[in-house]
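Two forms, one chain: they're shown below as structure tokens, one block per form, named structure 1 and structure 2.
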Structure 1
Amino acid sequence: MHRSRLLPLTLLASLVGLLVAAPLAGADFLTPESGGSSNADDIDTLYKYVLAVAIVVFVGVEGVLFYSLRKFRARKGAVAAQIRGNTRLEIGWTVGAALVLVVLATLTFIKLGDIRNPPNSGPDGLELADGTLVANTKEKLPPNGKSLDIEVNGQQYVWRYTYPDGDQNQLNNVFAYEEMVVPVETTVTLDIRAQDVAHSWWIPALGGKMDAVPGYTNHTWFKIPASKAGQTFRGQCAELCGRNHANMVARVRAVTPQEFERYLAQRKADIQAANQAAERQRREQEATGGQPGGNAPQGENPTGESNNPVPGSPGGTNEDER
């Protein structure tokens, strides 16, 4: 008698204990990654709300299920109650289930604005002048309209980033592969595109993923707090894009605004130097009778898009981009 009541209760209690203890024990065992940007943190919070509701529903329903399986097993002399339904009860749990979902929808709408809409850059962020560094996106700009707008281009199997560096001709803009360098305390908006198959941009600690679909521009944003300067956030392509999908990785390195400006200038200089070197080589080759602009081994790099140049070193010429 005692044992038959004790066992389900013990099971239930240990289950509840496990579910409560697990999120406390392992930091991200039961929750998404967060910590790099406020939108990732907000998603994490929203997730925890839903998790709390889910645990209650889970424990409640499984509890009743296990209780009935245990309590109402066939015994000698037991007669099953011939109940065909109970309209009040049935309406009750239908409405109850609907109410739980209304609560979840409300919580989502409360959090949605903070997740979807980028805030202004912090006072210590990168100085964003009007007009030059403003995003060309139609949506999702911070209230003051200023953000560092980086184009992210997915290609088999590498991410290419194009930074606004003040040059109106986008073909001359600074670009990089694989590792994106961004200033802290600055709202970074991303224009996500793809040039071959569909990819998906995802750095878990910096917020949700957004698909890069050929022919479309997708958007997301992040803003890394000042305390995270020097950290690198990792992620990888999340939409099957071919055989090497597993190795299409992405990194975002957070630096101070000053370092970022130095990086941008350095990168611009490197690319220009490489362009000039390539141009020089081409001219030399033409002068020495090489085919004009054709099969020159260096200089032209028509496959630059699909190669995976070492980040930080100029991988191709600007003309490669589209």
Structure 2
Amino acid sequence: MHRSRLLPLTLLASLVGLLVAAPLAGADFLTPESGGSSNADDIDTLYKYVLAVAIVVFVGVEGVLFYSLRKFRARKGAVAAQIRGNTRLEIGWTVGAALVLVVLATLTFIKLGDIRNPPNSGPDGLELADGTLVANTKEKLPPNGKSLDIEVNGQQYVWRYTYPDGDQNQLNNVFAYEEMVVPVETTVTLDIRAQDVAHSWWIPALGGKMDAVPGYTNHTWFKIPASKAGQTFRGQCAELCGRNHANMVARVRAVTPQEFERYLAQRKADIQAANQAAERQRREQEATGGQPGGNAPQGENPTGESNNPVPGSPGGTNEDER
């Protein structure tokens, strides 16, 4: 093949390859991931509506363009008609464009409520008693006012999750890093904060991403269906937050309500045991004349997990300014 033809064909093949690979890299074909929560399903459906309208517009415009190129192509001896304005045509495409906007706006507002507003937990979800495991009053709540409210704190380069226990002292709450364990059929609301730089919480299959900004608290929610018990949903910080941004991964593991209660109990016991071991170590060092806490940072137990208060929480370093 002649070299002058090889280069354009190579560029065309590369472009086609990039267009094909882009949706695959997004873990879904053309539209966002879904299936893990009803708000993610609604976002995916809305994208498909918009995509369908866009395809109709694209095919219509490109069809007219190629029809005109063929029908009015240059011919020997032909003289192009000199047309100066067409009122009916101009009114037609103006009304057509307005109708497209009306259709897209209508579909968006129909879906927006189900995307933003969390529903009640299902009958087989976690039993949420009044006064415990309920969300605060600053965020959108389900109609019955009950949800499992988890605090998500972004730190370079890890996510920390703090589970509620019904009191205002977060220092004795169960916490975990990277992997959040939640019960299925239960509405989970998230209070998202950051303590150093801006991050962005995003588990694509569980809904839209939400920024984590120091000094502010953002809220989102998800509700995983019972059929997804045992499944782990994966995500990644969606805001470039530093040199190790790629390591700031997140996981949400769905379990049954019974398994979730056992997880909380085991996690609390592990944290208490680690704190007791740290206290014994501190006393031993004091008894031998060493520095309290040794070389370990204050508030860090032998498991390497910190019980320090997080920003925005009682005792934290940054208060919610909103």
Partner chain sequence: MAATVEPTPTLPSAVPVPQVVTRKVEREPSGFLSWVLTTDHKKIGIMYLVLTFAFFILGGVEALMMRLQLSQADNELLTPQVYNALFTMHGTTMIFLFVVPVMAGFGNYLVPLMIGARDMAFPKLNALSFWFLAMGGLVFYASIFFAPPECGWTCYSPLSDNDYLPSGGVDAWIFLVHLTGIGSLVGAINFYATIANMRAPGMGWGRLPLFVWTILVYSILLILALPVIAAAVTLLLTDRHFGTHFYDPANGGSPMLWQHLFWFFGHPEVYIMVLPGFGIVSEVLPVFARKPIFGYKAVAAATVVIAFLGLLVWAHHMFTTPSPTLVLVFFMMSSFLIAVPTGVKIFNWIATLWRGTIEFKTALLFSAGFIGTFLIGGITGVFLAVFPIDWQLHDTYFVVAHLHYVVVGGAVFCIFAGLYYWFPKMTGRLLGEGLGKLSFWLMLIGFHVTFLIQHSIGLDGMPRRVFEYPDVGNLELYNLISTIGSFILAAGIGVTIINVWRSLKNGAVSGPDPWKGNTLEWFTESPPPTVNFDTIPRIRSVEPMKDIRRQIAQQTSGATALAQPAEAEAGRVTQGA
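Note that the structure is predicted; figures quoted are calculated from it, not measured. Here, a residue number simply tells you its place in the sequence of structure 1, counted from 1. By rigid core we mean the largest C-alpha set that fits within 1.5 Å across both forms.
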**Report entry** Chain form predicted on its own, by structure number
**Finding:** 2
Query - Core-superposed C-alpha of residue 56 shifting 2 Å or more between structures 1 and 2 - result: no
Report task. Note yes or no: does the Cα of residue 69 move by 2 Å or more between structures 1 and 2 after the core is superposed? Result -> yes
